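For reference, the chain that follows is the form predicted on its own, supplied as structure tokens.
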């Protein structure tokens, strides 16, 4: 939580956090600002102090809405700096950062860098800034980031936003199910009222529209994959593929609030009309593991314990797993879940990159998504829900939805 940031900064021996980029679709900046129409800014959070947001003059009102301490970048007179730098924008920007950091008395400290920005521009800026401020140490991180560790537990107001996204998500999923089941079938293929076959691409357009109508967006796309593609966990599905009866459709949907806020993550696997015996058997194995893991989740346990447990359960049913063969592309091939928030994938981690801190701590929001994949047999299966570890340690699915495999076709 945000209340943990100063403690985590102290543990990492970081004096300040510096975040650059827009306020939307930029998780680190969004975490501090709450979003808003801020196209490019710099935020500096010093340990033990409130964050300061440096913003463009044209966005002063949007910056003020964040409730943060704000500084207008026009105070630093970029044109004068450009003149001193002979028109070199990189040098002028570096000079401006020197002044900004000096104003915050950050000249001989360790600073952690964050922000979703263009890599080349950022490299040029901070490489040059390091040269002119050699006593300032810039540090980066990957999935062990102190901000990701802070964000691994959520305040209840954050959880309620995720829950709202879950309600929107499951409403859209229900709308997709109704749309599919209302189509006619011709030769085992779903056809529209005009007699033309229904394609995955057309379904995805409907999904995006229905999300937008509810105030959500889909920046990372949707997995809606049928047959062999359903057997490859992150195959998004081919737009021109037809909707056929009796084939597995993995429907993994992970939209967010408009502007790049909190995400939801949800998967169901469907068969239209009927499920062949081998598909039904695969579903039974995934469903059983899903139910067993859900029943065994307990607060404060290390997340990889549940990943190991999923592997054991699937292996007992005769399926290969990444525990027995890390390179397997059939069977159980991925992590049981992951944290969820301003990123689709964030801490706590369940897999091998997990640290001792990756636990089901009260306040965590995680996905649980066991699955089995057999692309060579033209099928895949995944069931996924998003779970909140409540303050009392109880587990709560934030948006319930039926786990049914077969969608009966009304227009058959």
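Remember, it's a predicted structure, so these values are computed and weren't measured experimentally. Residue numbers count along the first chain shown, from 1.
The form predicted together with another copy of the chain exists for this protein as well; it is not shown, and the discussion that follows is about that form.
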Candidate site 157, 163 and 404: all three near another copy of the chain in the predicted complex by heavy atom within 4.5 Å: no
Candidate stretches 101-109, 189-197, 138-146, 276-284 - the one whose heavy atoms come within 4.5 Å of another copy of the chain in the predicted complex: 138-146
Another copy of the chain contact at residue 221 in the predicted complex, heavy atom, 4.5 Å: yes
4.5 angstroms heavy atom contact with another copy of the chain in the predicted complex for residue 20: yes
Contact flag, residue 87 vs another copy of the chain in the predicted complex, heavy atom cut 4.5 Å: yes
Contact label in the predicted complex: residue 119 to another copy of the chain, heavy atom within 4.5 Å: yes
In the predicted complex, the residue from 178, 300, 312, 213 that sits within 4.5 Å of another copy of the chain by heavy atoms: 213
The single option of 294, 125, 305, 167 touching another copy of the chain in the predicted complex, heavy atom within 4.5 Å: 125
Sequence-ordered list of residues in 226-264 near another copy of the chain in the predicted complex, where near means a heavy atom within 4.5 Å: 228, 229, 232, 233, 234, 235, 236, 237, 238, 254, 258
